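Next up: just one chain, as structure tokens, the form predicted on its own.
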Amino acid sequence: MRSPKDFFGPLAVGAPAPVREVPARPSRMIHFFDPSNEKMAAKVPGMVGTVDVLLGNLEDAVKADRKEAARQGLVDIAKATDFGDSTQLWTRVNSLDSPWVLDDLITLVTEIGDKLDVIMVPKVQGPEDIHYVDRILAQLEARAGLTRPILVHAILETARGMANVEAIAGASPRMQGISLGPADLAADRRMKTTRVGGGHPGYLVRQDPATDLGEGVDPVTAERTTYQQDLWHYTIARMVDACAMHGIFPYYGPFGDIKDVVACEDQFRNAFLLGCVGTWSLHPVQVDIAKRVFSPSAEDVAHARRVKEAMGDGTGAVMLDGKMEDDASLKQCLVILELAERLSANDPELADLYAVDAPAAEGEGS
């Protein structure tokens, strides 16, 4: 058993020291692109600064005969592109049981490791998968002479991974976050849905039978209101708890119905309210949705600032607009304010929105 004292020690001679705190950089949307698709790759430089994360995808959406082209395409794009301070470069490598993943890791770390922020690992089953990647990355970082560690992001796509989510979240200092992979997880659980994320009209609750419908009317067969439920509520909530416990970040994954922008926004907002910091975007139309949903509203920021100002030293309780606010309320408000400050630091539009509609209290830092 590894001693807790060694948890933050490098796993290879010459490898950079692991981070003790995951950088809290904006990652509201993780925008996927296929590096083997020349048309798609040509758009990457123009998206720098408009999305928080650009992710070169090497896995599921890339056909087997295009794997090497996708890998080399990502290398070429990374070398030719300046991602600046406001856009991160991530990649999703092939699964650990595939014949391509070792070449993915060796090539990417040694050739563009200085550009890569995060490596997303699909179908993580348990902490042993993270330990495997952790050691290899340390060895490759040492070989490449990197001065900062590349972080790791796990995708929750199997029932075993779900059962081990807490252990996965705490498996390595490299862990940056976890995303929900609803399609693969649904298949592994034998769920009866063919949708990629989102709800299902058959997953519902029904209003109780009425008792005053009159003589001759069967209350059981009479029309009753139904309410569609969220298939992913439990899974997301447990993932959020695991991430919060270990100081890493939870994300919703893909929403496959590109045309249904309303349901997409609903699903993103559910995840945001439960604690997710971002989501995947599979099409440019989803970028703006994610940016809007995963940024706190000006009204919420204004209210949070009022509570912070009213609470003074943070102890006791106050009445504000007829509602009690206490230390627990303040903690909730500080979550909103910290997020607003972090996002507006690199987003002039948000900075203006929060400054105009939610003026800072006297003495509060900008």
Ligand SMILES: CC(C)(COP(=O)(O)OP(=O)(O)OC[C@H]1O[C@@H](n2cnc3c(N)ncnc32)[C@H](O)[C@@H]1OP(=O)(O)O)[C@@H](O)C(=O)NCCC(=O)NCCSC(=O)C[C@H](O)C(=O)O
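Nothing here was measured: the structure is a model prediction, and the numbers come from that model. Numbering starts at 1 and follows the sequence shown.
There is also a form predicted in complex with the ligand; it is not shown, and the following applies to it.
The ligand in the predicted bound form is approached by residue 283, whose closest heavy atom lies within 4.5 angstroms of it. Contact annotation for residue 31: at least one heavy atom lies within 4.5 Å of the ligand in the predicted bound form. Interface membership of residue 181, defined by any non-hydrogen atom within 4.5 Å of the ligand in the predicted bound form, is confirmed. In the predicted bound form, the ligand sits within 4.5 Å of a heavy atom belonging to residue 254. Scanning 61, 318, 69, 334 against the ligand in the predicted bound form with a 4.5 Å heavy atom cut-off leaves one residue, 61.
This chain is displayed without the ligand, yet in the predicted bound form the stretch 182 to 190 from 204 to 212, 108 to 116, 72 to 80, 182 to 190 comes within 4.5 Å of it by heavy atoms.
At a distance of at most 4.5 angstroms from the ligand in the predicted bound form, all three residues 39, 47 and 92 contribute at least one non-hydrogen atom. Interface residues of 43 to 58, taken as those with a heavy atom within 4.5 Å of the ligand in the predicted bound form (partner not displayed): 43, 47, 57, in sequence order.
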